[in-house]
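The chain below stands alone, shown as structure tokens; this is the form predicted on its own.
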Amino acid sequence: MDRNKARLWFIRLMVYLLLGGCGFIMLFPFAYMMFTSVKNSTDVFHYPPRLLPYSAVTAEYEGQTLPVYEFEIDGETYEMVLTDEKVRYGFFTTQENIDVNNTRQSKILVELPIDEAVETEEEVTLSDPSTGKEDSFPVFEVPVSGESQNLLLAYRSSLDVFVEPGNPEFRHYAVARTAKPVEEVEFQLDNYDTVLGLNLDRAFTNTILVTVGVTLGQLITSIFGGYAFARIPFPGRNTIFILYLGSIMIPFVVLIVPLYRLMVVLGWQDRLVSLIVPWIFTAYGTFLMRQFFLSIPHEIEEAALLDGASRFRILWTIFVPLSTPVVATQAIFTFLYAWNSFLWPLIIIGEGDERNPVLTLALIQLSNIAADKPNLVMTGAAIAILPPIIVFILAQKYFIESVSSSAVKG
């Protein structure tokens, strides 16, 4: 029994690990996008890549705000800022430690500003027996542990000068390119203000207007159409419904040209109304509502009719409240379709229209304007993706309820 229980727990653990891994793989791109949207342009190109947004810590020095770098000197850690000064540095060693082929690979014994060493008139010529390369090295008197010592100058280099902001007399010399900056986690929320200032705020507002218009239009027409096909008997009802349902099989590319010509005739090209009115009718939504209304018992409707209720009152006070799950399901699908619509806005509005842009078109312009700033492109993508996620989270209870009820009925 204990062995079977342990086996069951092991299987469950493996299942949870597998599902957790799949969930992580699915969510990681979204998390990377969100974190990148609050990074600065420098942090985006950091190698190796980091998930969290980091910004350089700065300090005031001589009236300037400068980045802070961290150095370990004599076992202690110092935070210093980079100045505009540069110092010529000399790297000294002995004859035995010189690498003639690549002097920068030599074992350096002493490194200090070249002005602190005294050049002698001597010069040593060394060669590498294996390659035959020969080179000459000047000899300098270099202070080592308080005593002067003759060493060879392996190579020279310019180093940047770093100072402590609170103690400018304390100086350190290093290459700024290889210095370790001091960083802290900081979310750059200004990215959203920057992106919205690139006409994305207008596109966001237009997209909300179009999406709400299409969603409400489809819900209203689908509810009325579904109720008529489900409950109101009239000649040719089933035939008309089949023909209406068959329109789903017509590809959108077939409708583009006649629909565009119709918009031109009405004078709706380059206007938001052309993104709303043609799409407030949907055979799919009507079919969805009809099938759900058919499942509602006839006795409820007959009792309401006997009490003198009109068809309209029966629909909005009985059928619609009972249809909350299916209404939420269609609202989610319609919202996602209208929010992410791209091809039709591109045709009827155009990419370069600044009066009536929508998000899908504005994101193309943003990717061109901020091609060298992936953080701003990710910010635009975050702005576009967050509203559908919020809508789904708020409506998921009804969506799951609709799926569950359909499975039980099936």
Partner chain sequence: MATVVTTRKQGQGLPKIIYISAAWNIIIMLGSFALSYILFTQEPNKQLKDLGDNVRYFLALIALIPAAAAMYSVYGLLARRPGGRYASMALNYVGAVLSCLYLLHLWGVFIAFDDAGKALFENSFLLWGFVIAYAVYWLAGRLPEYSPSRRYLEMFAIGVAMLALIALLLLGGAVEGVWNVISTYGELQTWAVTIVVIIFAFVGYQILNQGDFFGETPDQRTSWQGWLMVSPNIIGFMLFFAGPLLLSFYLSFTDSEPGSIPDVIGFKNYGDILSLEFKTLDDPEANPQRALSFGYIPLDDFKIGNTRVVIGAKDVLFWKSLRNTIVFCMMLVPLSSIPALLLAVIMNSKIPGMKFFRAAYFLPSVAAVVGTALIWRWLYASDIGYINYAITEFVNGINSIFGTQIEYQKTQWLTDQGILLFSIVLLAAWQAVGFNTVLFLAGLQGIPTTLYEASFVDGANRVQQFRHVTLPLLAPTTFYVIVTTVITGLQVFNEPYALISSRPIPDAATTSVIYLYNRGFFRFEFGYASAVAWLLFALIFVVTIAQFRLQRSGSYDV
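Note that the structure is a prediction, hence the values are computed from the model and not measured. Numbering follows the first chain given and starts at 1. If you superpose the two forms and keep the largest set of C-alpha atoms that fall within 1.5 Å, you have the rigid core.
Same protein, other form: the form predicted together with the partner chain, not shown, and the subject of what follows.
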| property | result |
| --- | --- |
| Contact segment among 91-99, 130-138, 202-210, 159-167, judged by heavy atoms lying within 4.5 Å of the partner chain in the predicted bound form | 202-210 |
| Contact assignment for the partner chain in the predicted bound form, among 277, 144, 175, 322, heavy atom within 4.5 Å | 277 |
| Proximity to the partner chain in the predicted bound form, single hit among 188, 329, 282, 106 (heavy atom within 4.5 Å) | 282 |
| 4.5 angstroms heavy atom contact with the partner chain in the predicted bound form for residue 256 | yes |
| 4.5 Å heavy atom contact, residue 70 to the partner chain in the predicted bound form | no |
| Residue 293 within 4.5 Å of the partner chain in the predicted bound form, heavy atoms | no |
| Contact test in the predicted bound form: residue 25 vs the partner chain, heavy atoms, 4.5 Å | yes |
| The partner chain in the predicted bound form: contacted by all of 234, 315 and 355, heavy atom 4.5 Å | yes |
| Neighbours of the partner chain in the predicted bound form among 231-253 [non-hydrogen atom within 4.5 angstroms] | 232, 233, 234, 235, 240, 243, 244, 247, 249, 250, 251, 252, 253 |
| Large Cα move at residue 316 between this form and the one not shown, threshold 2 Å, rigid core | yes |
| Did residue 264 shift 2 Å or more between this form and the one not shown, C-alpha, core superposed | yes |
